[in-house]
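Only one chain is included here, represented as structure tokens and corresponding to the form predicted on its own.
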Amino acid sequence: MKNFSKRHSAPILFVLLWGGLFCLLLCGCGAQTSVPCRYADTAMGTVVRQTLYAPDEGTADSASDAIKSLLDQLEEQELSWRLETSEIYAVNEAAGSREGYLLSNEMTQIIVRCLEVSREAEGAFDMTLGSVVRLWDIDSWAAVGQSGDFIPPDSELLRQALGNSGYDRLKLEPEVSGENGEILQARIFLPAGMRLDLGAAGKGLAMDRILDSLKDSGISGAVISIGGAVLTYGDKPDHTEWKVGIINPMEPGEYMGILSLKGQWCVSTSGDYERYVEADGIRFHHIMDPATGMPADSGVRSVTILTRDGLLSDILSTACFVLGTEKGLELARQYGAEALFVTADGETVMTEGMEGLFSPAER
């Protein structure tokens, strides 16, 4: 167990290579085989950093451009609740209608998976909290850094917003089913006033889409960070392990330890230090408890989840943060995921498998 002192800062999760900080400055690469090509850009409202191992610069450039394009498309065409071009926007606009909305095959699978985890997590993950999230608007406040002017939502407005949520009130009617009865495409019905928000699943879904794009790209190895999520893929030329640093939530400018990984993994971290505002000495972070409509208060400062599945890792990191260590560990084990919790008093609690992959930072 480690104890850490508290200090305010805002970075999220570092990727480490060659024993140093993997800062991924925007640059090109040479034509020499096995030389890493590094890129930095923004997408989905966060910084995206890529290191790609390719036989030549052109192959790396093409793969990097494809990744940026698919992230933009994911946001603009599927996930954004703000953009009229996205499917989630259309779903929300159809809330309360008798005909509902016919989901695409891809969105059907996303919704089905989210609902499954919501049930197993006893509602600790809930994609129907859109009205609550918008009422708090933590992201906007955190972005402008004007915490002193922040006023928590009126209790009556919060009660009304919470009343417009509840994953168990969402209805799916199968339109196309597979041979084993699985839902391939469905029509979704939301009660009037309900709004979907897939922000807690977006980076995980992005990792899955990137993984698919890398398989036929000519890239032999890659490590890609999307905000607080990291995808590792393939191998480095020297076959050494990928090094993924886990931020110390008590000292967000530092890392508390390193994960040593081989091959393909998805790493998702949810923490109260990522996006938050403070008012009257109270920190209001962006991870909402579906039971209260308030920022989750489970005695946890951060949760890191390690799986092969990006969407699952992202969803579980949120659900486990809300559940706390005991129930969170049970949920992670149920899905075969590795988990690392940092509690409010600075202790680390992790699954047995994570212990074999995690090395504490030297003090």
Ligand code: AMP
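Worth saying up front: this structure is predicted, and the values here are computed from it rather than measured. In this text, residue numbers run from 1 along the sequence as written.
The following text describes the form predicted in complex with the named molecule, which does not appear among the structures shown.
- Residues placing heavy atoms within 4.5 Å of the named molecule in the predicted complex fall in a single listed stretch, namely 281-289, out of 232-240, 281-289, 259-267, 180-188.
- Scanning 219, 124, 79, 277 against the named molecule in the predicted complex with a 4.5 Å heavy atom cut-off leaves one residue, 124.
- This chain is drawn without the named molecule; in the predicted complex, the residue among 197, 251, 87, 75 with a heavy atom within 4.5 Å of it is 197.
- Put simply, residue 300 is far from the named molecule in the predicted complex: not one heavy atom of it is within 4.5 Å.
- For the chain shown alone, residue 129 is a contact residue for the named molecule in the predicted complex, at least one non-hydrogen atom being within 4.5 angstroms.
- Contact annotation for residue 318: at least one heavy atom lies within 4.5 Å of the named molecule in the predicted complex.
- By the criterion of a heavy atom within 4.5 Å, residue 133 is counted among the residues contacting the named molecule in the predicted complex.
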